[in-house]
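Single chain ahead, by itself, as structure tokens, in the form predicted on its own.
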Amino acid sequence: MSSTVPSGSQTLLVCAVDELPPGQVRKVDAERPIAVFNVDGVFYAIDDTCSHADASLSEGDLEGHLVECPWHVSRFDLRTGRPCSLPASKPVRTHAVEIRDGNVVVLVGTAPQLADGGARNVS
């Protein structure tokens, strides 16, 4: 694909940008499931599994840049993957997101390059 993809990275085509409106999330099946969030038109990708238990973060409540685990109410910052409340104390992995030709693409295992952790347009 693009030359911005580091060697060894896996790229996942998630959906067209307009198929994931602001405030929504999409779970992507991968070796480890990934949750892709649209926060006011900026896309973020994190591992879908809470670091405290096996809950799916894509099933949690989204408030701004925070997602709340549906089981134990730990909250994670989508920009960094860091927990913002107990009982979770370990971060979840974040992944770079790019917009390519109108599609949301996740670069699995590649840390986001933007300061806010969001998507960048490479079309």
Partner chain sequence: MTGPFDSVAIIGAGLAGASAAITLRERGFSGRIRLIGAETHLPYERPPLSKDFLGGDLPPERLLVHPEQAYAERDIDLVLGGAAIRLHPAERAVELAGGERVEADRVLLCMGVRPRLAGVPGEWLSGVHYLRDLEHAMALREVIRRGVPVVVVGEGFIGSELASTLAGQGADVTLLMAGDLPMRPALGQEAAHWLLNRHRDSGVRVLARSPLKSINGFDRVESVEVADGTVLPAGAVVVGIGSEPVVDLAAGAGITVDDGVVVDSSSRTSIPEVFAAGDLARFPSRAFARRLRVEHWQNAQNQAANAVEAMLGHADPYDEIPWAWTEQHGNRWEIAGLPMLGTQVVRRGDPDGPDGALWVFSERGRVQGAVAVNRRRELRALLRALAGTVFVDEQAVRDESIDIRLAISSAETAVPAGEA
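Positions refer to the first chain, counted from 1. Nothing here was measured: the structure is a model prediction, and the numbers come from that model.
The next section is about a form of this same protein that is not shown, the form predicted together with its partner chain.
Among 92, 69, 96, 35, which has any heavy atom within 4.5 Å of its partner chain in the predicted complex? Checked against the cut-off, the match is 69.
Indicate whether residue 49 is a 4.5 Å heavy atom neighbour of its partner chain in the predicted complex. Flag for residue 49 set to no.
4.5 angstroms heavy atom contact with its partner chain in the predicted complex for residue 60: So residue 60 counts as contacting its partner chain.
Residue-level question: is residue 54 within 4.5 Å of its partner chain in the predicted complex, judged on heavy atoms? Residue-level check for residue 54: yes, a contact with its partner chain.
Check residue 73 for me: does it contact its partner chain in the predicted complex (non-hydrogen atoms, 4.5 angstroms)? Yes - in the predicted complex, heavy atoms of residue 73 and its partner chain come within 4.5 Å of each other.
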